[in-house]
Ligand SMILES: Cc1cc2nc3c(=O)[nH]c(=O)nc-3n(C[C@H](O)[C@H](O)[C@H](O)COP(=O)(O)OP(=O)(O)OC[C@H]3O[C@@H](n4cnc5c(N)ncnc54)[C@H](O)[C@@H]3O)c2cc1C
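Listed next as structure tokens is one chain, alone, in the form predicted on its own.
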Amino acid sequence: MSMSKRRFIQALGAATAVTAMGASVAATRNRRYDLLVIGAGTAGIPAAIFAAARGASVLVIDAAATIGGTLLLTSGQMSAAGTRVQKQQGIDDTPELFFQDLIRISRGTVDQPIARLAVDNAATTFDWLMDNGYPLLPGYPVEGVAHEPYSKPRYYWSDLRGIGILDAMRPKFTQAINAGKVDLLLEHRAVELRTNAAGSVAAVVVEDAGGKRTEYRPRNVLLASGGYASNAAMFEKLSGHPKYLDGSYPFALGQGHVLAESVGGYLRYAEKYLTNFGILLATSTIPSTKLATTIFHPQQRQPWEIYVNTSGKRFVREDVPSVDAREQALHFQPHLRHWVVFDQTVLDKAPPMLEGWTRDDLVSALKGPDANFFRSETIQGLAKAIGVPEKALADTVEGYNYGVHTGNDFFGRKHLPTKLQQAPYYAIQHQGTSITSTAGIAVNEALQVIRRDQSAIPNLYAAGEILGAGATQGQAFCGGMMVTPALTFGRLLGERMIRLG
């Protein structure tokens, strides 16, 4: 069982108390709700909490059997500038500095109004979580983990990952349910939005697990149903690449996107799709679970190997310190695929490259059979085994060895510990992947769903991953800029942005 699925199963038990409190359809059918929230996850829960605190009547529905959404699986990375934690630690940071970092890291590809809204309000969201018991890891915030670092320590994490965020919000959500301010229908999904002559959403058709349908006529609707990353067909259509990794929330099927489009909304930012630098897939059948992750960060382990593409050629300076530079380099490679190539000397002398694997584990895997690991007594034989041109790979290795000998690597690489010349030779296949949704529903600065002519559907809002990573991160991975905007936008909508009455 993969770690992500194990966390998901464990998290189901954590939400049992709220699950048991779900309302009955009979109790909700005749109510005219101020707000109907589609999705009880990262954005939907805070929206319901804050709307209820304003006196709104709220109905929350979710297709899953429990609350939490992607918080049940996500690593829960958050980022915010100007928080109380920063001030207590003497860290001078502002939303403006945060925004400038986003512009720098994304190379200006974020949706600037949406990113501004997120960073300007992130600190209040994070402080609220801290007030409600969020278990921040000691030593945080830091400048960055896994992604391109920020210029200031504004990156927050918990050893409970996304569950830590859910745990901090659950009591407030439960209190609102107990007080009769929020009704919760689990294993119910929205299947249709109906509009009136003015173009507003007049009704939401909700279907239970048995196929029975009920119509609700809320004053406002919030699409907080998450992304589409578990819908393989939609993922490939929008990203242009197959869904290689089976690691997304299973209910992230893009239903909210379909609903928004059905009433005139549209998707944007599909062109901003980006992949990580590659993992080892567990099977050749996709979507696949993950077998292993390689340590590509030179700050953690300097590379002894070279990385080659489907043409048998190097395509990036292996010891470049920038995470984003490596990811952008792979973005332009066919099939988002590359091989880590090395020889017996590297195997004998280099530190282990796979997270959690010993050298003996790697040696055993290289003996096969496994679709990721290859071995040959010659470079030409290795090229044939991995399916790249023999002469190209031989020339690549010869060129790299020249750089080691002279200190003048063609890519400017600095760490050149040894030539690759001691048989046998090895290669490990890596597949670039993504488990988030890049494209998203278009909204305005009030988070209202908009049509292609930029007119708003007045009472239809969207928040969370349904907006797409392309909006809040651009064509880059910016730490914390998926979870934090979802929480923040849910809070803002519930607190003040959704017009009640």
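Start at 1 with the first residue shown and count on from there. Everything quoted here is computed from the prediction, not taken from an experiment.
A second form of this protein, the form predicted in complex with this ligand, is not displayed here; the remarks below concern that form.
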| said: Using a 4.5 Å heavy atom cut-off, which of 445-453, 62-70, 47-55, 27-35 contacts this ligand in the predicted complex? | reply: 62-70
| task | Please run the contact check for Ala40 against this ligand in the predicted complex: heavy atoms, 4.5 angstroms, yes or no? | result | yes
| query | Does Leu492 reach this ligand in the predicted complex, with heavy atoms at most 4.5 Å apart? | reply | no
| query | Hey, in the predicted complex, does Gln429 get a heavy atom within 4.5 angstroms of this ligand? | reply | no
| request: Determine whether any heavy atom of Gly76 comes within 4.5 Å of a heavy atom of this ligand in the predicted complex, and answer yes or no. | output: yes
| note | Assert contact residue (this ligand, in the predicted complex, non-hydrogen atom within 4.5 Å, options Phe374, Tyr249, Tyr216, Tyr269) equals Tyr249
| Ok, Ile457, Ala476, Ile435, Ile441: which has a heavy atom sitting within 4.5 Å of this ligand in the predicted complex? | Ile435
| query | Can you name the residues of 173-193 that have a heavy atom within 4.5 Å of this ligand in the predicted complex? | reply | His188, Arg189, Ala190
